[in-house]
Ligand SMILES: C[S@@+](CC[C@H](N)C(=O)[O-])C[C@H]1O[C@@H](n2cnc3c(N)ncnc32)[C@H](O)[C@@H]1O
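So this first bit is one chain, no partners, the form predicted alone, shown in structure tokens.
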């Protein structure tokens, strides 16, 4: 049976049962194939911007005999997907900045029936910031270790409500509610990274930048101190 890496499995478990999923940047189509083979999704789309990964995806689909359940699609992000083709949309293996770009140009994702599941490789604050500013609610987040590296994943849905959040929220999101030790470690690493930026801002940046970072770090450290983990 097909097995997913820990980071991909973390995202796959956020897909709603019975929904059609679309995997954006699918590469080998392992994730949509896993969803179909485990009867979580009746069908799925495997999308990629390059032909090479789609050729790899085709091999996976043929290997498991699920050609009738997986649609392969050459698409730059969501560009070649119709709004009614899927309900849950997954993005793994790309940075939060690129995720923000792809989602921001796809206006039909502002639909309360749809779910976005993202697993940013870096700059998770960029996609969180986009969600907060554009009426998406981050429902929950998860964290794991895969290949010695920490990853987070989050599920978000459109509500149309712009809710004011603490300034540190784009760095912590809903990870503060995740009881895994990996979630706390991710936030500790983020705080450390921001302290490095603060030092640079004090030496070469503006007073406004330094003040902002100090507030974020203070909030973030308070959040970390309040977290409970099961580990």
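Just so it is clear, the structure is predicted and the values come from calculations on it, not from any experiment. Positions refer to the first chain, counted from 1.
There is also a form predicted in complex with the named molecule; it is not shown, and the following applies to it.
Undergrad: Taking the shortest heavy atom distance, is residue 48 within 4.5 Å of the named molecule in the predicted bound form?
TA: Yes, residue 48 sits close enough to the named molecule in the predicted bound form that at least one of its heavy atoms falls within 4.5 Å.
Undergrad: Taking 4.5 angstroms as the cut-off for heavy atoms, does residue 103 touch the named molecule in the predicted bound form?
TA: No - in the predicted bound form, heavy atoms of residue 103 and the named molecule never come within 4.5 Å of each other.
Undergrad: Just checking whether residue 93 would be counted as a contact of the named molecule in the predicted bound form - the rule being heavy atoms within 4.5 angstroms.
TA: It does: once the named molecule is placed as it appears in the predicted bound form, residue 93 has a heavy atom within 4.5 Å of it.
Undergrad: Looking in the predicted bound form, any heavy atom of residue 76 within 4.5 Å of the named molecule?
TA: Result yes; residue 76 sits at the interface with the named molecule in the predicted bound form.
Undergrad: If you check 155, 144, 98, 81 against the named molecule in the predicted bound form, which one has a heavy atom within 4.5 Å?
TA: Comparing distances to the named molecule in the predicted bound form, the residue within 4.5 Å is 98.
Undergrad: For the chain seen here without its partner, which of 159 to 167, 59 to 67, 173 to 181, 25 to 33 has a heavy atom within 4.5 Å of the named molecule in the predicted bound form?
TA: Stretch with heavy atoms near the partner: 25 to 33.
Undergrad: Who in 1 to 24 is close to the named molecule in the predicted bound form, meaning a heavy atom within 4.5 Å?
TA: Residues within 4.5 Å: 7, 8, 24.
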